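One chain comes next, on its own, written as structure tokens: the form predicted alone.
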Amino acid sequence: MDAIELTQISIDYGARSVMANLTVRLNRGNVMVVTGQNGSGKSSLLRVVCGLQRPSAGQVRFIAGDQAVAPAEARQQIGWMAPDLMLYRELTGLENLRFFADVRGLGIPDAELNALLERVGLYGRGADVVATYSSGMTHRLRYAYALLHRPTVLLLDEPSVMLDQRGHELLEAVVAQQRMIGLTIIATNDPREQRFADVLIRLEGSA
């Protein structure tokens, strides 16, 4: 994916407007950071981009080369991570990744899945059930889920919540690698993450 264009995006919940007429373009290699108080629409904007939520008005356009990409095709290139992303606690870390890979029809060998677990800091823990993971380990597994299919568009909602300093180093590494293959949108209020921004959006919606 070479660009995402958001044109006149508005998000309303009943009579309450949390976002009005947002227009921005994000190019390949760029990181957009979205900040704002609770209820300002940060997470909602990410859901709109990935197609989990329709905007009240406006359009999301994905571009490859100089051609628009159909939304269904674009969704196949999106990686999503959020604190409320549900994983199967009764399965192991490896079994979770294998399941999600199979659902996508990827057929990824276990060796590659284990390498991904190592990349996110879960080396040696792939055979443990997720119910035994700490909150930080579970969040690392969410990173593995988001990166599973090598997405060109990566959406990260509160990416360092529950993570220690080494977890923040993981985020830095993920963002740096994503710059080489696509683009990233981060919803956060963490000042450390705002410095990633090539494009910084400050939302003013009220809770």
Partner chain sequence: MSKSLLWRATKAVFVRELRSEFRSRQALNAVALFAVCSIVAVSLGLGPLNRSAELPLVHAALLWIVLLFAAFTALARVFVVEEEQRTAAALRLAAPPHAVYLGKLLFNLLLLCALTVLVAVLAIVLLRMQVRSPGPFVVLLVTGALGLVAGTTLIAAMIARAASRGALFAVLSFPILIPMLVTAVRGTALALSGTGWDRCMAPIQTLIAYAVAMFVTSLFLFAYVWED
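Numbering follows the first chain given and starts at 1. Predicted, not measured: the structure shown is a model, and the values here were computed from it.
This next part talks about the form predicted in complex with its partner chain, which is not shown.
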Task: Contact at 86, 89 and 145 by its partner chain in the predicted complex, all three, heavy atom at most 4.5 Å - done: yes
TODO: Sort through 170 to 178, 156 to 164, 63 to 71, 50 to 58 and report the only stretch with a non-hydrogen atom within 4.5 Å of its partner chain in the predicted complex.
DONE: 50 to 58
Open item on the list: Residue-level contact is defined here as any heavy atom of the residue lying within 4.5 Å of its partner chain in the predicted complex; does residue 110 satisfy this criterion?
Closed with: no
Open item on the list: Within 4.5 Å, heavy atoms only: does residue 105 come near its partner chain in the predicted complex?
Closed with: yes
Open item on the list: Considering non-hydrogen atoms and a 4.5 Å limit, does its partner chain approach residue 99 in the predicted complex?
Closed with: yes
Open item on the list: Just checking whether residue 131 would be counted as a contact of its partner chain in the predicted complex - the rule being heavy atoms within 4.5 angstroms.
Closed with: no
TODO: Select from 147 to 183 the residues with a non-hydrogen atom within 4.5 Å of its partner chain in the predicted complex and write them out in sequence order.
DONE: none
